[in-house]
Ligand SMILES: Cc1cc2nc3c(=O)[nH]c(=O)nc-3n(C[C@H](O)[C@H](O)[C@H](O)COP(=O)(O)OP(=O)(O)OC[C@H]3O[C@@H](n4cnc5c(N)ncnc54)[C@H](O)[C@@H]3O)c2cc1C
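Take a look at this one chain, the form predicted alone, written out in structure tokens.
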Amino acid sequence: MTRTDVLVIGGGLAGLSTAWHLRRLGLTSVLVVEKEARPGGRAGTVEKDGFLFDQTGHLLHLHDPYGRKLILRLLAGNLSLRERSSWIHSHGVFTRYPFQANTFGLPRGVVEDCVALFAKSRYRPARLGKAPSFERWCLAAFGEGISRHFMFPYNAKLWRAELSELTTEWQGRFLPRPSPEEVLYGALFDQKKFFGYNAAFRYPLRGGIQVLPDALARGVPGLRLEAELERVDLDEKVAVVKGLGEVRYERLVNTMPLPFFLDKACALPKAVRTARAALRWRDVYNLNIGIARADVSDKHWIYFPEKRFAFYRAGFLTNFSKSLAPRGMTSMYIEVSRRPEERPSKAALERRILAGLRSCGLLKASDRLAARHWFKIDAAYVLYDRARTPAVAAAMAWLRSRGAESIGRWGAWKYSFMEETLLDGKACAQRLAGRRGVQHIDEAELAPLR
């Protein structure tokens, strides 16, 4: 039987960050088990026919001083800094993101609708109450015009749920709220002001996003690949791991999707089984294509709110880094949301995707595809309905009572980004090491270990 002080489930960014920081805090009996043959989880890169494909757009938005310092050290000399070029395609035209501040270029009637009803929402505000639905919040924040022309159709396509069922817990930093002056200016002029948390981003010059988990993994000697968790007894503190057999641990850190982890746990009490059943999500089918033509677009990514497009977003990996494709070629990622019970035909979906890309002018009829690769990303988006928060709280309380933590975007069952995931791992390591008061790991602890 294998023994370890800390067992980490999942070798993605949250799990690797936890183990990486634990080592720097002096706790070295750490075992990280990852079911794939490479580290990284969803922040991984696949090579296909000379192209490097990430699992959708994985961009580094650095806001925290420690997170910035950590990532810049891990990827020293292999990072570019870019200003975002994100757009929206609707009503037959491309307009700048975010929609609510950039209606210039849309049909006149649409612009008037958006501006007039935004003004009405601001000067005759609706009463929202303590816990409004996302639908009601949109109407109050942006007005009926902006909601009808973008917010409602785009979010209905992404979440595939009634917007009246969704809460507002997730959208905070992800949905910019421009001032009335900015809304009016963006209706009259081609406004180039950057809004939102992702106005600038960093991305590796070489190797795709895979280089980030690879850099962390080099500082995690206890990483075991192709080692999938099969089941875990949280009362006995024994896990069964493919290729390792039984693993006895003192503390456990889970980073795999919370409901999937609970499915592997033995003897869940009724309250936790009820909580597990309440957790909902959406899967993403991500088609990556290599196009035998250079510079297909100068944009980074584009949102597609209209129903006639099967996909909700498409992006250009080669505009993050030219190294992701052979010379003279372009690579794209295209995202389609589905409920977990849906099983779409990838062939049929691909035909719809390619037809949509041609209809909006991104692809030419003469374009040849030099590569294609599908990712199915299970539980890509946590659904923030009214059952989520109490269900997560119940599951977390039970896990803590068994000496287990569940962290990161999927372990904590939340909507977040890569820097936050790395910081989640750091905070977890500090809790496990008993240093709850530590706000920043010092330079000596951040330096490479020998």
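It should be emphasised that the depicted structure is a prediction, and the values quoted were computed from it without experimental measurement. From 1 onward, residues are counted along the sequence shown.
One more form of this protein, predicted in complex with the named molecule, exists but is not displayed; see below.
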Open item on the list: Partner absent here, but in the model of the complex, which of 45-53, 22-30, 387-395, 408-416 has residues with a heavy atom within 4.5 Å of the named molecule?
Closed with: 408-416
Task: Residues G41, H61 and T421 all lining the named molecule in the model of the complex, heavy atom within 4.5 Å - done: yes
Task: Any non-hydrogen atom of G67 within 4.5 angstroms of the named molecule in the model of the complex - done: no
- [ ] Check whether L72 has any heavy atom within 4.5 Å of a heavy atom of the named molecule in the model of the complex, and answer yes or no.
- [x] no
- [ ] Considering only heavy atoms, tell me if I377 and the named molecule come within 4.5 Å of each other in the model of the complex.
- [x] yes
Open item on the list: Please determine whether V247 contacts the named molecule in the model of the complex, using a 4.5 Å cut-off between heavy atoms.
Closed with: no
Task: Contact residue in the model of the complex, from V220, L229, L324, L287 (heavy atom within 4.5 Å of the named molecule) - done: L229
- [ ] Just give me the residues of 316-350, first to last, that have a heavy atom within 4.5 Å of the named molecule in the model of the complex.
- [x] E335
